[in-house]
Each structure stands twice: as structure tokens, then as C-alpha cells.
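First comes one chain, alone, set out as C-alpha cells in the form predicted alone.
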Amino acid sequence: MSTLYDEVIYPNTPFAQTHPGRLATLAMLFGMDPAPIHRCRVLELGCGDGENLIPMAFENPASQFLGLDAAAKTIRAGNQEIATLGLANVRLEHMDIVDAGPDIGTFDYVIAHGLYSWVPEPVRDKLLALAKAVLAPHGVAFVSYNALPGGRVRQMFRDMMLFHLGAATELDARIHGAREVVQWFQASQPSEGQSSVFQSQVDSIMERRPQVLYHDELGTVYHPVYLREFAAHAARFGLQFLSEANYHDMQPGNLPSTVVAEIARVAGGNRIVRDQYFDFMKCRMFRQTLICHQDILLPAAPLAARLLSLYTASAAKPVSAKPSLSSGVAEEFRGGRGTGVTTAHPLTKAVLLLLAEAWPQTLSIPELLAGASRLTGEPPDPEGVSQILMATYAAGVIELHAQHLHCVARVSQFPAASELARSQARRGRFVTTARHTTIEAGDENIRLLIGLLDGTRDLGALTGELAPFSGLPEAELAHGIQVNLARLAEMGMLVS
């Protein structure tokens, strides 16, 4: 039977926050013993065309991956991609999750992204019942959903758009009408003093791809929930709250310290109560929650001792051209999504400098300890580095990974991109990096370049092969290739 997702294909991409490496990292920090990523079993519910699952399978050939989706058209497209790549460790099946049972196997990681809030109650129940039934003893499930209280804002815009659309069903007409009434709303607000919450939602509606808006905001079902409601729902099926997929989303952020202290007093050590208050204060709209079996005893906070088995990376760069490691000299490091830190602490500066130089590569904690000791001239300080890593991880300045990422920081003599990336570049605009993120290669010359990066061509060979398509003088073309290769390396596209 055809679904709306067959009629209007939802554009799927890799989602870094759903990667089993991210799930395993949080599980390890909270005292669990999850399956190693290089040999695990992963299930994705509502997998679409597999664009999130297939890159995971490509990079972990000894692991097994299964995707289920009720939209036949997307499953066919995904299986064609799998056949093109010759992957034997991943399969996509056309199946409604209400028809899935424990016979599909046991899985170390279960992913349900963009599903819970967009399906009826019986399907939400089945999602959690299935996760409980198939999840390995130390398995982790990822479930994203529209959250309250911010979901009320999205509800307001959804109601407004649906009222304006009337009986319109065709994609272009629905998107045009939805954006039209939102533009009216924006034009009707005072030039000063408009709520930033409203403005961010207006921007999101106007910028999102039409197919995403069609399903996310204008879909048949819209079911936002409070964190406490989701946690209670999971508990009915023997599952418990573990963490958010982005650990820094659990932090108070810019909330006043007095408010944070009062929330801590009222919460009395209850993480659900504490985080629910944080959601109230932040008007949170969306959650990406990790859950596990209820019989696992979880600590109240991450265990710093678990850091030693992890890897770390950071996109934060020093603002100063020549940062000083001297005590008392403050240096600022700025990362993505507005994150950053200013510190005068020599060891902290050394850690961030090492990560900045290595980006996008990951460093093991022993590597980081040795490097920081070399820079500061002091003996290795595991406790000090652990404190720095936990603080900057909570602030969103650094990343922690359960496995080493295979991207490289420097452009080698014979640069290489993965076979997956080269195949994608030859067939379309969206290319998956070794960081399980996507770049949109809108320039055909960039796509041609990526397609040639099989590790056998140096700069001269690349220049020669791209010359017929560029129309540029050889020296100018070669310089442009070097610039683009450096950009690709920065984004995690180049591999060893």
C-alpha cells in the first residue's frame, strides 16, 4: 500500500547524532558496556532510503545493519544504492513497524529518528515495545521527538498553516500556502521586540526543504511530549532515560546560576525533573533521547574514568594567531554552533591547541596526554586532562567518540576520499564525509574532483584530468584544486 512518503519522498541524509559511535560513547560514559562499533548489530526504524544507515555499513564491514520502512519506493532506491556499492552487511526491508517482531533479531543499537511524534499512539507503543524486545542487554536506542513546551510554538505555526491551506494537497501548493501565511505573520509583528523563539521558527519554515516541511510541520500527526511524559512512556515498556544524544543539550547553558541552583534543589538529584525544568526555561522544541533497559543501574553523572578508552576531536580554533601557553594569559577558542571557551589555564590551552591542529582527526586520550605534557613541559596529568575534557564536552566545545575516525587533517601527496563518497559524487550533489555528515557539492568541478580521489593521483594528475572541464590556466587550476582539497580535509572528506 502506498504511503505519503511514497508520494513525497522525505530527503534522507546521514545524521551524526544517530551514529552507533555516538550512542556507544554516552553509554560508556554512563557506566554501560555497549558492543564495539566495528562488530555490532544496528536496526533503524523508518530508515527511508538508507542514506543514514548505508554509510555506517560501509565503514564497518564486520557489523550488520537492518532498516525497516513502510514506504516501498524509498526502500527500492536504498537497495539499489546497496547493490551499486556491493555491500553485503546491510539490508533494507519494506515493512511497517507494527508488523515487526522479535524474530527480526537482537540489536546493539536501535535508531528511530523523526518517527515518534509523527505516528499514531498504537505505533508509538509498538516502537518502544519493539525496542525493548530486540535490544541487547547493554544496547542503546535513539528516539527523537518534538518536545514541550517549545512544541506549542511549532503547534501554533502548524495550526496557522493548515488553516490557510484548506483542502490543498499538492506539494508545491501546500508549501507556497504555508510559507505565505507565515510571511503574513512576520510582516504583522513589530519591528522591535519580536520573540526570538517566534523568529527562529519563522526562519526554519522559510529555509527548510519543501519535502521536509511537508512531512514535519504539515503531516497528519503532530504529537509533542514533555520529557517526563516520554520517560514515563518508555518506563511502561521496561526502558529508561540514559542521556541526550548531544550531551551538551543536557546542560544549563546560559541559564542564570541562581536559577540552576534552585532547579537543582527542587530536583533533588532526579535527572528527569532537572532536565524537564531546563526544557521549561529554554522553551525546548526537540529532543534526541537515548534509552536503555530499565534494570541497568546508571550513575547520576558521566564517569570520567571511562574517558581513557575514548577518542576526542574539536573544531574549536584559537582566535590568536600565536596563542600563548603561559599561565595567566587568556586565549579564546571558537568552535561551531556558537560554542567556545576562553581560558588562561596552560593545560587547557595545550589540549585545545592539540585538538585544533589535529582536526578533523580524532586523538586517543593517551595521545592527548602525551602531547599536552610535551607542550607544557609538565608530567602527564590524567586527572587534569579528564576534568578539562568533561567540562569542554559539556560545553559542546569538544567531541568524544567510541572509535577512531578515519579522516585525515592534512592533504597527502595522493589524496583519497572513500569509495562511498566517490560513488555519491558521481551520482549527485550530496556526499557523505568520514564524520557521518553530509556536504552539498553544488559545483560540478568539486564533484568531479571528489570522484577522482582514489589515492592514485597526485596534484599533477588531478590537474591534468580536470583541465578539459575547467577552462582555467594550468597554474590557476592547480591552485584551486589545492584550496578545495584543503577544504575537503577540513570537512572530514579525505581519508587515510
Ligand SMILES: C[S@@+](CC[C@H](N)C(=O)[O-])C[C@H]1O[C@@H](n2cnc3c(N)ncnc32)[C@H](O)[C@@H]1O
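Worth saying up front: this structure is predicted, and the values here are computed from it rather than measured. Don't overthink the numbering: it's just position in the shown sequence, from 1.
Form predicted together with the named molecule: not shown, discussed below.
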Which of 168-176, 220-228, 89-97, 294-302 sits within 4.5 Å of the named molecule in the predicted bound form, heavy atom basis: 89-97
The single option of R422, R158, H113, H233 touching the named molecule in the predicted bound form, heavy atom within 4.5 Å: H113
Residue among A350, A141, V385, A71 with a heavy atom within 4.5 Å of the named molecule in the predicted bound form: A71
The named molecule contact at E331 in the predicted bound form, heavy atom, 4.5 Å: no
In the predicted bound form, N12 touching the named molecule (heavy atom, 4.5 Å): yes
Interface membership of D216, the named molecule in the predicted bound form, 4.5 Å heavy atom rule: yes
A394 within 4.5 Å of the named molecule in the predicted bound form, heavy atoms: no
Residues from 121-137 in contact with the named molecule (non-hydrogen atom within 4.5 Å) in the predicted bound form: V123
